[in-house]
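Encoded as structure tokens, the following chain is the form predicted alone, with no partner shown.
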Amino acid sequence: MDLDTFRKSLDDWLDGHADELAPAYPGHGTVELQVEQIAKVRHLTHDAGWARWGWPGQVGGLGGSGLLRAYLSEALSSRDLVESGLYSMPEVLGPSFITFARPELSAAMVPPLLRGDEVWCQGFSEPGTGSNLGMLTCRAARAEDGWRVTGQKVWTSLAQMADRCVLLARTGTLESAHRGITALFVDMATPGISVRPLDTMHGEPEFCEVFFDDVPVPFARTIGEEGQGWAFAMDLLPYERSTALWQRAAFLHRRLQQLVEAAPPGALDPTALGEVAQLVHAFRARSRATQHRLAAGEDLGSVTSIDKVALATVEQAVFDLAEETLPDEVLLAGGPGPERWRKEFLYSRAATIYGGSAEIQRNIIARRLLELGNDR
């Protein structure tokens, strides 16, 4: 199906099923309610066929360009039917999992993810290493019956609700840095895993600490080959900083429109509005170009760090403008107006941290794209 036909048909279907798709909660909703809403929307769009387009047939997809699934996520985000960040997890983890995992593993595991029957989490970051994945210390040791994992992860989104974890673990020496990392697919119900949710600044336990105490993982759940975890991560991160950001762009565009509608007479500075609108438009144009390069099969690599820096800049600019325009709604707990303005303003403070910090992204841009120094 071509993109224009898909867009028109999907929009008509979404309009015709608006009541069925609508969230059952008002405003922002708790993280639990958001996850329930995403599962409902995934079920409906998958069973109607829309969420299967853009995915390969080996995982139950209907094929076609990745632009089809990018437009689905844009349409759902711009209608406020899903929380764009949480909705993005299959876009972050799915493509690289399909590329690296054994075909029979991806054929069995990806369809429940796409339909919303399962939640996956991403076990990358660790205390003390942050965005420096090459220094991770969570270890997987060989045993007769498989790997034994011991260590800790942090900032693991939705781990308390997740059925599976895509985990990076050290299988070589620490001195071997990125060459000694292996990717594993872990069932979160396995004995030895404990999860501690973390309350974030915006009041929701979206992130977690995850502890692994001699957790058994079958060798058959290795993603790719032993020692191939760094290659898996480098393949995955451009998706985290490309397709996953496209729906965030749609979300920010909608919020800017809603801010204009909600602003009291004379409260919105025209000059500030023009500057923020320009940033939103530039980010959407940049993200759109990235989607087309991805769909064309180009190797995105380090250039997606530009998208990530642009997202952080735009997200904070939109909600800084909201703070200036709707100060009571944004700054006062229990203030007038929708609670989402306050929660989303607070969450925007993390935009320079999640998905790789702004400092790391700027270093990548300087060293790998502008060749301003060695990448050590």
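Numbers follow the displayed sequence, beginning with 1. Given the structure is predicted, the values throughout are model-derived calculations rather than measurements.
The form predicted in complex with a small molecule is left out here; the points below concern that form.
Stretch-level contact analysis of 264-272, 109-117, 153-161, 172-180 against the small molecule in the predicted complex, using heavy atoms and a 4.5 Å limit, identifies 153-161. Residue in contact with the small molecule in the predicted complex (any heavy atom within 4.5 Å), chosen from 257, 99, 129, 78: 129. Comment: the small molecule is not present in this chain, but in the predicted complex one of 124, 283, 246, 212 has a heavy atom within 4.5 Å of it, namely 124. Residues 207, 353 and 360 are all found to lie within 4.5 Å of the small molecule in the predicted complex, as judged by heavy atom distances.
When the small molecule is considered in the predicted complex, residue 347 lines it closely, a heavy atom lying within 4.5 Å.
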